[in-house]
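First, one chain by itself: the form predicted on its own, in structure tokens.
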């Protein structure tokens, strides 16, 4: 307790120099929490939205299906077996058939992915119920990005051209019956959704599918030729983006932290130089060298405690406000092809806060210790005279 009292008394006695060091360190502390909370919040939102809108609790893929190779779609389909049909009937799976097609909005030609889905499905949030309409024109739902790119709106008709299983081109009008808004661009950009039964009839792939979206109750894994892809695999792209962003952020807040720690290091060196007689007095009164080192180390590390307290004073209201209101993003983010919302709501977990506190305290303690090591070689007589070799 004596060491802590001496350390804080000396810190407050240093005046402006202490508060400058503490201010810089507190800013680094708040920035570390903010940036990591921002990325964690984006990660959580992306996970939830991707599961809700696209992948459910996983997917069953045809062996040749590759979402990054549209040429694979020509062969990436197979008949729905009896085992699969039972799971579809119990609402554990919903089939999706995918093929390439072309639309001609306002006389322009635009390549798209034509996706068939059951209007009755409830596993993902795509408004497929809107496809349950009777009429001679094929109903279709599209996302807001697709609607913007094709200059289409609800109620518009557009000419669709596709190839059937024999390679023969056919064309027919489709009608946009709904336009949905989603943060998941992979189900929106360049995608048009129609009833799967009509797509199967149009292409000649009767009772066939490209993949199946799985619900939370599904536990069977691979079935027949269909390969099960869990959420860890399907969300790997998002994980890789977040990890790369976190790696890049280390440079940003690492520089801030280094600047603050360098100031503490310089303060410790100056303090030891100016307080030679005080150090000699401690040793002459019977205090061991390691106890004196401990006092000066605590004094340096106490900067981190004050920085955490100061950072909490302005960090809690600012970060709390951002967590509730979110951080708005520019509309151009829609075109990036990644799952990201109009606003990011940061997530500041207890683990993040505690780990950041430990990082700041341990770093400040280590930096404070190195300049004080020379005290162990100090001659008390020289110190009392104000001389340290």
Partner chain sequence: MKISLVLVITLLSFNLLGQSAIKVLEKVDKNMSSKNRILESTMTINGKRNSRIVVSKSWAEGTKKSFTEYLSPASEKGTKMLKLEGQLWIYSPSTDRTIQISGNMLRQSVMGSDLSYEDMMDDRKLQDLYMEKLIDREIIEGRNTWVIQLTAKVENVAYHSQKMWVDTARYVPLKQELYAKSGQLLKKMEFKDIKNAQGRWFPYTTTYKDMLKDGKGTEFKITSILFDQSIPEYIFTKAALKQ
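Numbering follows the first chain given and starts at 1. Note that this is a predicted model, so its numbers are computed, not measured.
One more form of this protein exists, namely the form predicted in complex with the partner chain; it is left out here, but the text below deals with it.
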Picking from 182-190, 122-130, 106-114, 207-215, which part of the chain touches the partner chain in the predicted complex when contact means heavy atoms within 4.5 Å?
106-114
Position in contact with the partner chain when the complex is considered in the predicted complex, options 83, 89, 222, 74, heavy atoms within 4.5 Å
74
Note: exactly one of 234, 272, 159, 306 sits with a heavy atom within 4.5 Å of the partner chain in the predicted complex, namely 159
So in the predicted complex, does residue 118 come within 4.5 Å of the partner chain, heavy atom to heavy atom?
no
My question is simply whether residue 178 lines the interface with the partner chain in the predicted complex - judged by any non-hydrogen atom within 4.5 Å.
no
Using a 4.5 Å heavy atom cut-off, state whether residue 163 contacts the partner chain in the predicted complex.
yes
Given that the partner is absent here, does residue 230 sit within 4.5 Å of the partner chain in the predicted complex, heavy atoms only?
no
Determine the residues of 187-213 with a heavy atom within 4.5 Å of the partner chain in the predicted complex and present them in sequence order; the list may be empty.
202
